[in-house]
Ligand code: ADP
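Presented below, as structure tokens, is a lone chain in the form predicted alone.
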């Protein structure tokens, strides 16, 4: 199938969403294959629009994953998870996160899936997008679905207008969730607050390796993801040198990538948080 412009790619994604909704294939895994700029995220935007999701869908290249809630025609709640492994030569802990999404019967879209092919189910949809020299795209849809109902999407120009969700239906659980995230890594007990809910974690030596996953897992408990964070407060010190450095790196990166306000624990806004160790750094003198 040839796609000639962005709108047709959006329409194609919305058409696939309409078919998935009508057939009840809402725990499907969709693998997207295509070069940079082929239109994978544009397709996913169209898919989300067809599902009734009104939260803006953006590429998860930096955050690795984004999640969006939507309602099926029978008003049951479902989740669309969008993964992008382009920046991860090794998926590491994200393997567990992706496996959890698949086990939870979410609708999962995966870009750059080469490093995690072994955990993708055989009965997935594979969508290959070939970018042509003239700017058009050729789409090839491969399905290995055990259900006898075929997912056969025709050219979007032949499809009627899509009305998959009532305008009064919440498009996403997150549409009314503004997450204020508070993080304190100044001691071996990490403190994380998501709005009014506080979590404590005996992070010890696992902070650098597992902090991002810990935050992401807690966000998911609130049916939220990185893009739902609207502001961050960080306990900037004094405290542990290692803990403060790791925590500051995380909050600075999140605030920059999400383009959101960043505050210290005194309520002062910062473009970048610098840890306040409260004493000179204990640097070992070089050996002679």
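Only a predicted model underlies this, so the values are computations on that prediction, with no experimental measurement involved. Numbering follows the first chain given and starts at 1.
Here the subject shifts to the form predicted in complex with the ligand, a form of this protein not shown in this document.
In the model of the complex, the ligand stays beyond 4.5 Å of every heavy atom belonging to residue 232. Using a 4.5 Å cutoff between non-hydrogen atoms, residue 9 counts as a contact of the ligand in the model of the complex. In the model of the complex, at least one heavy atom of residue 38 sits within 4.5 Å of a heavy atom of the ligand. By the criterion of a heavy atom within 4.5 Å, residue 28 is excluded from the residues contacting the ligand in the model of the complex. In short, of 238-246, 38-46, 216-224, 258-266 it is 38-46 that has heavy atoms within 4.5 Å of the ligand in the model of the complex. Residues are counted as partner-facing when one of their heavy atoms sits within 4.5 Å of the ligand in the model of the complex; in 103-122 only 111 qualifies.
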